[in-house]
Each structure stands twice: as C-alpha cells, then as structure tokens.
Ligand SMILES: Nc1ncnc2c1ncn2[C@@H]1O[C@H](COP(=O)(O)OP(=O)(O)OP(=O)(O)O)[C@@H](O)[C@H]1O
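Next up is one chain by itself, shown in structure tokens, the form predicted alone.
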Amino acid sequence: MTFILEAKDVHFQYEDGTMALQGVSLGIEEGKKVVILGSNGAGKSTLFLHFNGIHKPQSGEIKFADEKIKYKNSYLKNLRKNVGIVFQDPDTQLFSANVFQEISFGPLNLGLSEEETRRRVTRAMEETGITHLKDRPTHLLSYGEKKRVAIADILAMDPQVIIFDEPTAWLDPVSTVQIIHLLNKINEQGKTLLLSTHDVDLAYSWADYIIVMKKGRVISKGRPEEVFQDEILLKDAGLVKPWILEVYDKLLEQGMLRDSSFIPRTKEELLQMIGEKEIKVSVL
C-alpha cells in the first residue's frame, strides 16, 4: 500500500493552550477518496494545515510521497504545488479582481509562462463549469460559484492531492450534487482527494476510506461499511448512521430483504435490492 500523505504520532498545541492533535497517526492512500469525520474541535482542519506545511508538528512527523516534510521555503513551495487546500469558506481564498485573474495567480506564482498559465486556467474553468464567469468580479459571484472558482484555483496548480474542508457546507441540494460530480471527475484523473464533512450520508456513499477523529485523536479508520456499522463508535464520536444503512437494517429486520454479504452504499444500490425483492415476490 502506497501512502501519498502520512502522519506519524503528530502532536500540536496552539498558543492558547488548545491541544489540537494528540498522537495522530494515519496514512492517505494514493488515488483514493478519503473522508475525515469528527465534530468541531476534533482536529480535522489542523491536520489539513499540517499536510501542506502551514503548521509544523511539535513532535512527530508528516510525510509526502514517502519523504519527511522539510520546513524550508523552497521545499514548502513545491509541497503546496502538490498538496492543495480548498477552504470551507471561499471568501477566505478569493482575492483577485476577476475570476480569470484569480485562477491565474497560482500558476504565475509557480513561475509558469503566460501561455502555460492561460492553458491551465482555461482547462480548470472548463472542468469546473465556470468558463462563462471568467471576466466576472469575484465579489459578485454566488456562494456556489465562489466554491467552483476556489476549486479551479487549486486545479490550475495541478496538484497530486486536493484537500477539501467541508466542500458542500451551506450549498443547496442541486449545488451539492454538482460539486460531488466534480469531485468524482477530479478523482478519475488519478488525483487523491481528502475531505472533511459533517454529512454522514455523503461520507458513506462517496468515500473509499473513512477516518474518525475525536479531540485530536484518531479513534477509528476503515471502509465505510465497517465504520458505520460500529454502533459503539458512532455513539462515542457523536455520529449517526447514514439513512441508507438505517433503511437497509430495517428491511432486514422485517424480513423484507434476505441477509446478504452485499451492503448497499448508494440509493441506487438500495433501490435495486428492493426492486429485486419485489420481483421475486410477484413471481412467487
């Protein structure tokens, strides 16, 4: 198993005395979609800031591509090219006069030519569906549009890993679906995606792997089916079971589905199982 990012016994305390990370050890497998779950104060955002070198562990180490991070300007510049963060609030990320200038900033800061920068910006706008916004002032964008521009910002840098802090927060249902489709397209290009969310339904249906944090510690990690069937863990972490699992468990309990080693991950898979049961009943 190849880890593109790794934390080894990482401790970090803020100046006000808040112990944000307490011996965190975990690995992010290359090319995977990974979700970190946990209540506010669990340490998720602090960990993200360690992964691209904004924070430095007070003890322990962070590794990228199997190499320990070095806290020198030249190394950190290259690291942040390869590990991009899309922050929860896009207003903290956007600062240029218009969309094209905003997305151009990163590639130009890397020293790329104007021609290469324009190529990257054009591609990033196409991938995020915002080409029509290229001359629009960033402060006049809707919240959903700002989210897309913030993602395009990072895509234009062509990183290996993209970290999303609550990517669907405050979005309406249609915009949420659009963002998830976009994340899937990005992952299909071979990029590793790591995100935090409070949406257990999203985490369960989308992630390849889930990490659960509480008060600066990792308390569980595994496949979504494993994590969300652990009732004791869910109670300890303040999480609820995804609705798909709730319905599946109830159907099993009432004998409306046969006990199966296959556990549905999506609404479509659950509906297919229900449909197959109805077909068998009608035939009998």
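What you are looking at is a predicted structure, and each value in this text was computed from that prediction instead of being measured. From 1 onward, residues are counted along the sequence shown.
The discussion below concerns the form predicted in complex with this ligand, not included here.
The stretch in contact with this ligand in the model of the complex, judged by heavy atoms within 4.5 Å, is 33-41, chosen from 33-41, 238-246, 65-73, 218-226. Looking at residue 20, you'd find a heavy atom of it within 4.5 angstroms of this ligand in the model of the complex.
In the model of the complex, at least one heavy atom of residue 198 sits within 4.5 Å of this ligand. Taking the partner from elsewhere, residue 104 is found to have every heavy atom lying beyond 4.5 Å of this ligand in the model of the complex.
When contacts are judged by a 4.5 Å heavy atom cut-off, residue 138 does not count as touching this ligand in the model of the complex.
Though this ligand is absent from this view, in the model of the complex it lies within 4.5 Å of a heavy atom of just one residue from 166, 145, 127, 158, which is 166. The listed set 176, 82, 88, 117 contains one residue whose heavy atoms approach this ligand in the model of the complex to within 4.5 Å, identified as 88.
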